[in-house]
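Just the one chain here, the form predicted on its own, laid out as structure tokens.
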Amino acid sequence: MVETIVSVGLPIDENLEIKKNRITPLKPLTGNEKRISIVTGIHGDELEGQYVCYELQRRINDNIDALAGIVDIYPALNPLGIDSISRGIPAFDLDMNRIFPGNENGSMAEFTASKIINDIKGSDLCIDIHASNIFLKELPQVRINELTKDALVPMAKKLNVDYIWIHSSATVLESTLAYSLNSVNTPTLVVEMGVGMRITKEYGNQLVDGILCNMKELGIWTGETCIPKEPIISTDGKVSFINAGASGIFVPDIQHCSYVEKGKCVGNILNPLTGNIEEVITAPEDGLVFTLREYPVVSEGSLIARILKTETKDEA
């Protein structure tokens, strides 16, 4: 059942409406059912979650007898951003994921944020799906604040992602949806995967498999599920960053999600005007390239890649 959780008047007789679709079992509800919330579209240029919302509902509807709990799907928390392909809320110059938990008596954006929190709050699990921006491609991963790792890592391990990145508390913004929900005891996992403004169907299917695994663990799903991948788990200290030392056009020599050895060429920064190579970029460590530059134009300091440091491929 599609419900409107927020409706706010806009100029020229328009409304900002945020909707969810609640899927319930065929049997009458008893009030004791577990609930999972799937959230995406906070940033309007991150579209990977749109396919996940569709595919999860398709699989549930095709086997509705296996549903034993409540599934709430929020495909567009920032519908204006999705319509205009912009990261933030258009005309307000606001990143929506920097205003939670909001304020019911505040501005339009703060009011909207508070309504979203109140509607999701109480879920047994919330999965907040993000994509990268248009510049970078990300391996499917869950990012967790170290303050909540004990509660969240067991759930993340069932999500069928390749990597769990535990961030230090100093790098976690308290104004995000995930932080706000975790603060009110609603377990929330943040997923990053793919590329901005694109849909990577392979990653979407992988994540849906993992969502069903978590639903089964919670008692929401009785149907068949996959055996989740065994993810690599690391902290900030095991991640190495590669940044451009020159401006130009980056052409990679490696594939995303590949293993590299220290000193291997990651790619070159080219100068189309002179025909020169401005910089040969090499790997600073042995490891897995879980982030790789997708958009070729770079400036000095632009992020080229992130490498999860490992001793050898076998040990990783």
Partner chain sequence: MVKKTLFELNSIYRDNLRITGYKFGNGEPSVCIVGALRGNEVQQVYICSQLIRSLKIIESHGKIEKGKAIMVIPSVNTYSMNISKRFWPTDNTDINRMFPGYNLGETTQRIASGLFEAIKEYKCGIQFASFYIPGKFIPHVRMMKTSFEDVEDAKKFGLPYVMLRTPRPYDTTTLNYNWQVFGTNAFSVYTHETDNIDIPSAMQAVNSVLNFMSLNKIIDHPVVGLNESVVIDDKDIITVKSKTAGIFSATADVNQHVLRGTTLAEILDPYTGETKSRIKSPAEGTVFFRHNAPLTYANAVMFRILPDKSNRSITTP
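Residue numbers count along the first chain shown, from 1. Only a predicted model underlies this, so the values are computations on that prediction, with no experimental measurement involved.
What comes next is about the form predicted in complex with its partner chain, which does not appear here.
- Of the stretches 100-108, 219-227, 232-240, 151-159, only 100-108 has residues with a heavy atom within 4.5 Å of its partner chain in the predicted bound form.
- The contact residue chosen from I73, I166, A244, L181 relative to its partner chain in the predicted bound form is A244, the criterion being a non-hydrogen atom within 4.5 angstroms.
- Taking G267, G41, G69, G248 one by one, only a single residue has any non-hydrogen atom within 4.5 Å of its partner chain in the predicted bound form, and it is G248.
- Across the proposed site, V2, P79 and I254 without exception lack any heavy atom within 4.5 Å of its partner chain in the predicted bound form.
- Its partner chain in the predicted bound form comes within 4.5 Å of a heavy atom belonging to E300.
- The closest non-hydrogen atom of G263 lies beyond 4.5 Å of its partner chain in the predicted bound form.
- The closest heavy atom approach of E202 to its partner chain in the predicted bound form falls outside 4.5 Å.
- Contact between L94 and its partner chain in the predicted bound form is found at the 4.5 Å heavy atom cutoff.
- With contact defined as any non-hydrogen atom lying within 4.5 angstroms of its partner chain in the predicted bound form, the stretch 37-64 contains no contacting residue.
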